[in-house]
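There is one chain below, alone, in structure tokens, taken in the form predicted on its own.
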Amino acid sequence: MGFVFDISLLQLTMVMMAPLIIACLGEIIIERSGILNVGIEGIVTVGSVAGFLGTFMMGSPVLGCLTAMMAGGILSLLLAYFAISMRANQIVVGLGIFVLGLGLSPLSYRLAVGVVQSPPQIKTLSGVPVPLLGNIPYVGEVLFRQNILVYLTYFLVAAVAFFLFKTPLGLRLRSCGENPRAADSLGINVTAMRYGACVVGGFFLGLAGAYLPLLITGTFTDNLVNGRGWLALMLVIFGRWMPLWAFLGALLFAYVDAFQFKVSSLPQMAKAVPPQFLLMLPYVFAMLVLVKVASGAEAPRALTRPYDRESRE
């Protein structure tokens, strides 16, 4: 039981949680407008290479994050164009962006860095203890001795929840995902709202990708994202399109991910349990929970449905 609640394990859980919830928040914003983005894995992957290259070439993690956010916004804008303006099948478009992102990321990396034996490294962000709060026994050590991007996730979860459910603009966005024809009849520009949601959500997805080299690896590899985009997509369903519930889900899955990482680092466990088994634990756990939770989840009613004000329903 001591290992289960070990401080270092819980600190690692918070580190693993941040990219999941940032990507999940971006996906919630997009889906609340009525657009399904199944290209999330590709967008996060592009964000990771853009964040790494931006930081490596400009020497600033802030500029690296901004580069990643712009890359994520551009790819999401491509999704918006085909899904909204062209009224194409959103699943087909999303899968196309997924494949595009997986191919574009290593190509961009090799064009910028070349083929090298030793991949370039960037300095990962270190923890910044919060004064007073970081000194609280146990809780302070886990929550308030983290890096700046983990602190940012605390703010983003509250900010997105407040925006969606406490502001007029958030109400308009949700109405576009529930009943776009009724929203249009009230003077809401459904096209503009959906475009805006895709771009802002893309910024979140790009930032989630930049987190991985800046905090976890210090470099870029082809399999860096390793399914985290798909996990974030699943967390949207787990959280029932609610930021706070998605945050709790991200903590749960990040804990399983951190647990397998810590267990695999123990010499006695490395010999007894195949590493492939430990690596699959988070995804098996995600599948089992999703089967249980998804049955009662209700998506926005207009999700995946293109809106044409001239059409008859």
Partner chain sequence: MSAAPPRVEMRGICKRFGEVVALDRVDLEAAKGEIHALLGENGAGKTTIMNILSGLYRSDAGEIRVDGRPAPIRSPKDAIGFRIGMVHQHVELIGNFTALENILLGHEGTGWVLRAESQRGAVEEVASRYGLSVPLNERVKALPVGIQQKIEILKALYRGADILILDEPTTMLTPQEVDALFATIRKIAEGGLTVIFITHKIKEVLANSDRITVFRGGCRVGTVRRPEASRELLVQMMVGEREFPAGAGRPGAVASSSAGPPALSVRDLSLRNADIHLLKDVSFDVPAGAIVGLAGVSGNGQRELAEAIAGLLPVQAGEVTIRGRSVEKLTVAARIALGLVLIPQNRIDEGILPSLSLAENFVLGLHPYIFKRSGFFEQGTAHEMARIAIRDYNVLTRNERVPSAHLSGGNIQKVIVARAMALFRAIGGGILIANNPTRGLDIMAAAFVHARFREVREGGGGVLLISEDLDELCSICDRILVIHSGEILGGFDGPDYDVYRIGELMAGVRRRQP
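Source: prediction; values computed, not measured. Numbering follows the first chain given and starts at 1.
The next section is about a form of this same protein that is not shown, the form predicted in complex with the partner chain.
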> Which one, S175, T153, N147, T219, lies within 4.5 Å of the partner chain in the model of the complex by heavy atoms?
Replying inline: S175
> Which of V116, V139, L132, A182 has a heavy atom within 4.5 Å of the partner chain in the model of the complex?
Replying inline: A182
>> Looking at 209 to 217, 161 to 169, 119 to 127, 195 to 203, which stretch has residues with any non-hydrogen atom within 4.5 Å of the partner chain in the model of the complex?
In response: 161 to 169
>> Under a 4.5 Å heavy atom criterion, is L143 part of the interface with the partner chain in the model of the complex?
In response: no
>> Is I188 near the partner chain? Define near as a heavy atom within 4.5 Å, in the model of the complex.
In response: yes
> Looking at the partner chain in the model of the complex, which residues in 128 to 157 have at least one heavy atom within 4.5 Å of it?
Replying inline: none
